[in-house]
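This document opens with one chain alone, in structure tokens, the form predicted alone.
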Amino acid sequence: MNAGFIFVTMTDDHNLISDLFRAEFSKMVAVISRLFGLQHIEIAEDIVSETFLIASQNWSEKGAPENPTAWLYKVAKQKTLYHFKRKGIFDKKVIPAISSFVNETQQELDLDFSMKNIKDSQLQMLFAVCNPGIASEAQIGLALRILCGFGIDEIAEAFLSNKETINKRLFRAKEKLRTEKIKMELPSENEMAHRLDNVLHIIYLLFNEGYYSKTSNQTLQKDLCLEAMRLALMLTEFEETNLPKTNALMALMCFHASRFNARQSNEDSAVLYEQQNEELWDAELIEKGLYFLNLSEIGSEISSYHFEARIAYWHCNKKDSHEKWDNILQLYNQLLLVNYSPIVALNRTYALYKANGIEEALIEAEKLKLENNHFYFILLGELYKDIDSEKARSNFEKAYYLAKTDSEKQGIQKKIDTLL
């Protein structure tokens, strides 16, 4: 089965320019930056943006060419070479610096937009953008802009921020690329494991930015998730990065994404797992998740993504059995040993409730004391609702106060309304 099926755009009303911009912007910027260096990344962005502007003007008058992508590549090549020659950079600095790329008999340097060079350039750009010297939020922003082709408006909406803040964040990140003299190249064999960990973590955060997004823009949420999956899929296509943890992360995202359409009601309120319509789950994505999960089990390496992927797999089985929740509980126990976090501990407490009952779960829940987390108070409300309605109401009300979105507040209010 072709894994590419998961990256089809979620909306059909995008025009040709918009679709091509999302698909080709990152490729073109990566190829130009690979050849001329990351110190010129903003010039590369400007050139590609200008190329699309010319396309928009030209095609609106004359119609789209027979091969729009090839047309874009040709114009981008011309604009790139013209820019560097006009600035006097090409002959004095660029050619000497990139002589290894140039055939001695070649009179004119040509940008290589072959599929192989595009993939190699994007992979190198991924490692450059996810350099640990850059703050995580800035890495995500750069990934969205440079690797995924998101506009500043979209990035601002994803972060619930404004364009000015995002522009400043991206500017500082690009300055870091320059001042640290970060190169577009794959890490050495000795550094690969550590650097790949950071790349996978940024992809994981990018996916979570979409899956647990606070924005009401459903298309944007899905696009964030799909772009994270596309980047992870790219890593599985290279021998150096096609490791068990890469496949485990890919499996995790497939399982979660399979339930995306079931998580939102027609009234735009969140649908909790127990109330989701299983028929809305994407069976093909679940099957693809199993494919990557099986690949992740080759060898002896195990990561937190392995445990999270297996937990997500069990959630793809709607049957509410003791076996299911006992397996999830044991997986959470192992995950906490590998990568402790308060949220994992909270999720583990819910699994404890489903596997062993209210009494044990209440003891563990009261220990957590996550006073600023509305999910914590939702769990306490759930645990108390059948044994102490007043305590349940109190906890649900605290959750309502802390909830960040109208959708979450609506769901919590429904819980309050069902109490006697």
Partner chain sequence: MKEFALLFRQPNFADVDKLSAEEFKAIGKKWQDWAGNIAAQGKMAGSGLRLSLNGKVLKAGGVVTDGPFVEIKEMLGSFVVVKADNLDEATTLAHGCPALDSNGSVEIREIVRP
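From a predicted model like this one, the values you see are computed outputs, not experimental measurements. Positions refer to the first chain, counted from 1.
Not on display, but discussed next: the form predicted in complex with the partner chain.
Engineer: If you check Ser303, Gln124, Asn198, Gln330 against the partner chain in the predicted complex, which one has a heavy atom within 4.5 Å?
Structural biologist: If I apply the 4.5 Å criterion carefully, the residue I get is Gln330.
Engineer: Pick from Val75, Ile118, Ala345, Ala262: which residue has any heavy atom within 4.5 angstroms of the partner chain in the predicted complex?
Structural biologist: Contact residue from the list: Ala345.
Engineer: Report the stretch among 291-299, 346-354, 76-84, 160-168 that approaches the partner chain in the predicted complex to within 4.5 Å, counting heavy atoms only.
Structural biologist: Result for this chain: 346-354.
Engineer: Quick check: do Leu336, Glu364 and Leu368 each get a heavy atom within 4.5 Å of the partner chain in the predicted complex?
Structural biologist: Yes: each residue has a heavy atom within 4.5 Å of the partner.
Engineer: Is Asp112 close enough to touch the partner chain in the predicted complex, meaning at least one heavy atom pair within 4.5 Å?
Structural biologist: It does not: once the partner chain is placed as it appears in the predicted complex, Asp112 has no heavy atom within 4.5 Å of it.
Engineer: So, in the predicted complex, is Phe238 in contact with the partner chain at a 4.5 angstroms heavy atom limit?
Structural biologist: Residue-level check for Phe238: no, no contact with the partner chain.
Engineer: Give a yes or no for Asp282: in the predicted complex, does one of its heavy atoms lie within 4.5 Å of a heavy atom belonging to the partner chain?
Structural biologist: Looking in the predicted complex, residue contacts with the partner chain do not include Asp282, since no heavy atom lies within 4.5 Å.
Engineer: Whether Asp326 contacts the partner chain in the predicted complex should be assessed with a 4.5 Å heavy atom distance threshold; does it?
Structural biologist: Judged by the heavy-atom cut-off of 4.5 Å, Asp326 is in contact with the partner chain in the predicted complex.
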